[in-house]
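Only one chain comes next, encoded as structure tokens, the form predicted alone.
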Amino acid sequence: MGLLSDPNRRRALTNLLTRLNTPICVVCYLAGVAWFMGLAFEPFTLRTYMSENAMGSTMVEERFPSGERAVATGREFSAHKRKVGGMPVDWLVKTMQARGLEVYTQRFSRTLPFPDENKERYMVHGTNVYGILRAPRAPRTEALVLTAPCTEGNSNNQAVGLLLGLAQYFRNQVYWAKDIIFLVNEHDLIGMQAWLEGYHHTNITGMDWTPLQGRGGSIQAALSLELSSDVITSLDLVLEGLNGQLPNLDLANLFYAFCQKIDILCTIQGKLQRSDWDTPSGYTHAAQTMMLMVMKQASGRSWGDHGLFLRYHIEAATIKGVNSFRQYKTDATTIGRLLEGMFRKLNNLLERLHQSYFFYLMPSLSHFVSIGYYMPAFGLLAALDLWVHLGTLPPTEDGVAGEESDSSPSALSILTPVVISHMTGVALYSLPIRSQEMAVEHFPVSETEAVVLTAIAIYTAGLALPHNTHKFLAGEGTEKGWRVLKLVALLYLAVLLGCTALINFSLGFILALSMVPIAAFITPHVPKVLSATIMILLSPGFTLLYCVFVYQELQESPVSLAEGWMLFLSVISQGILDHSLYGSLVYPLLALFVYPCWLLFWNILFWK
């Protein structure tokens, strides 16, 4: 304390930080990156364990015998789907009623803000069908959900067949203490969003849907089943939900425990677990798995139907059956026993899953990185680096630190670039959808192309911001003026990255990787052309482009520059659609906050 209370010692510490400002920033940045990459090394991670006592043991006897019958039901469902050209609602209702369930339907419709060219849809109309198995040994105040989306083609027919087979088997058991809801939803996430809004009596997306006639208890947990083929070689666990939310870690632990018990090949991010963690190839494999989770979480999109449950504080995950052409095969009976075991353990819950972690990364299914391990990496990368800059003043042209200029900056000279930067962000957020009709009338483009190209045009037009803001300044900018503006920008960036990392660590970390170097070196006295080039290459738009290529490399499916550019355009359109349809916050965050913050540093570079 004496070091900080003594003015002479405090001044000496400030001078030391001023002299060593650049080395400290570089060391902190590199240390943060090294810390984060070291988290994939198995000795630095924690082994998964079950925290919830009610699910602490897998000692239940799974007896589901009807795998072949479920496969036959799936083929019958596929035939009826081809016959009616969509989801066979009447057949599903009769089949669920024959299995002793209370069956209800829900119609919904949604007009997209612009056509979704990936799935070729604009005006969406569909029906959800769900059956409720009432708990025979409880007051029916709690429920579990098993869902299988009805998709186009034959990609998920066996999942619906297995769901109906489990419904028939569960109906004959007497130990259920919770209602079990079997849901077949149409149009993937749109149908799931309609059902969840109807179940919880909310309408947060403006979708049209009919009220639910039947309802179970408060939903405690949910599992979504997707089988990509009739032949399943492994089961992949999908955890990433809307806006980077993750389910309680105990749900992933439960899946892994039953896979080990029943001897099912299980993966996460599509990658098998390796035991040679102490070899370079083993570490690379774990790092790729962890980085894939970071990329998916940072996208803010829901990577399965389970992702929308997390918004309602319902722990959920998606189990995907994958045909990876391995020699190992898993039949429907084995998958049914896995789901039976998981539902029986979830049936034992006395309260919601809460004892394990909600913030984590997983380099494998048997190990995880908790928030206490990965947040120091972000602290070194962003917080400490920005704190050093806030505590020191960059030198003037004369080389004297902290020397005041002749005139103090006016409030207008500081507020003008801040206001115009955010007005540009508001335009980037609101104009692409609002101006699509006008763009289609004047240019030979589709509605989707009009939205994406308008967003890119507004983003690029922001580069002219310094020329516009200086027209509003009362006189030329002063030396002290850009220092005050940089102080505001640094505080803004520190708060923005800190809040983002608390909600979605992966997104905050990726933004810090690109934004912190900009904050570190930008002044009006650096070489303009070189610095402007570096700033553009580290801008949010280019960061998104880099993430597209990195994600494809991690998926071991690299793309060419042309293919990467088309994926980049698709990512922009999907980001805007996810925000409009489901409430994803990544696009408004980038448009309204991250991009204006970057524009403040761009304005500092061209300060006159």
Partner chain sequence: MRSHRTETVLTNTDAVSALDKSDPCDTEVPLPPQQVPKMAAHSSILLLLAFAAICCLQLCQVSADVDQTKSGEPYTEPNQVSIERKLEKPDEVPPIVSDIDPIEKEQDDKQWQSTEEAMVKPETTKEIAPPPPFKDEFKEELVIRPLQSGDIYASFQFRTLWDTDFLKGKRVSHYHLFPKSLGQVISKFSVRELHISFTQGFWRTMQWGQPFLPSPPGAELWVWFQDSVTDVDGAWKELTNVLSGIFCASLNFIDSTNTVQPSASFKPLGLENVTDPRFLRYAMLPREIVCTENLTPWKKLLPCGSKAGLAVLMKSEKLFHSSFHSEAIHIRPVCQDVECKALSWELRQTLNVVFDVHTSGQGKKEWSLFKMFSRTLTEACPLASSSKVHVDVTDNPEGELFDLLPVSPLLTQSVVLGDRRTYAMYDLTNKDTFGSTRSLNLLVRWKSDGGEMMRPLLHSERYVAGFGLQTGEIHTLIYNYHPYRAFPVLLMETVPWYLRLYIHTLTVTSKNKDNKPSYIHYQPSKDRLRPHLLEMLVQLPPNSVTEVTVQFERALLKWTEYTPDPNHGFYVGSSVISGLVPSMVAMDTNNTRERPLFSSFFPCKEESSYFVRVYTEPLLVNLPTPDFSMPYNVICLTCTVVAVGYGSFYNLLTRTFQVEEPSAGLVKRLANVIRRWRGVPQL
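Note that the structure is a prediction, hence the values are computed from the model and not measured. Residue numbers count along the first chain shown, from 1.
If you look for the form predicted together with the partner chain, you will not find it shown, but the lines that follow are about it.
Asks: With the partner chain left out of view, choose which of Arg352, Lys81, Lys320, Arg274 has a non-hydrogen atom within 4.5 angstroms of it in the predicted complex.
Replies: Filtering the options by heavy-atom distance leaves Arg352.
Asks: Of Ala464, Ile503, Ile204, Leu491, which one comes within 4.5 Å of the partner chain in the predicted complex, counting heavy atoms only?
Replies: The residue from Ala464, Ile503, Ile204, Leu491 that makes the contact is Ile204.
Asks: Although the partner isn't part of this model, could you tell me whether Phe443 comes within 4.5 Å of the partner chain in the predicted complex, counting any heavy atom of the residue?
Replies: No - in the predicted complex, heavy atoms of Phe443 and the partner chain never come within 4.5 Å of each other.
Asks: Does any part of Arg134 reach within 4.5 Å of the partner chain in the predicted complex? Heavy atoms only, please.
Replies: Answer yes; at least one heavy atom of Arg134 falls within 4.5 Å of the partner chain in the predicted complex.
Asks: Mark Tyr328 yes when one of its heavy atoms lies within 4.5 Å of a heavy atom of the partner chain in the predicted complex, and no otherwise.
Replies: Tyr328: no, not in contact with the partner chain in the predicted complex.
Asks: Any of the heavy atoms of Arg434 lying within 4.5 Å of the partner chain in the predicted complex?
Replies: Outside the cut-off, so no.
Asks: Any idea which of 144-152, 207-215, 297-305, 360-368 reaches within 4.5 Å of the partner chain in the predicted complex, heavy atoms considered?
Replies: Result of the contact check: 207-215.
Asks: Taking the partner chain in the predicted complex, which residues of 155-183 have any heavy atom within 4.5 Å of it?
Replies: The stretch 155-183, when checked against the partner chain in the predicted complex, contributes Arg171, Asn172, Gln173, Val174 at the 4.5 Å heavy-atom cut-off.
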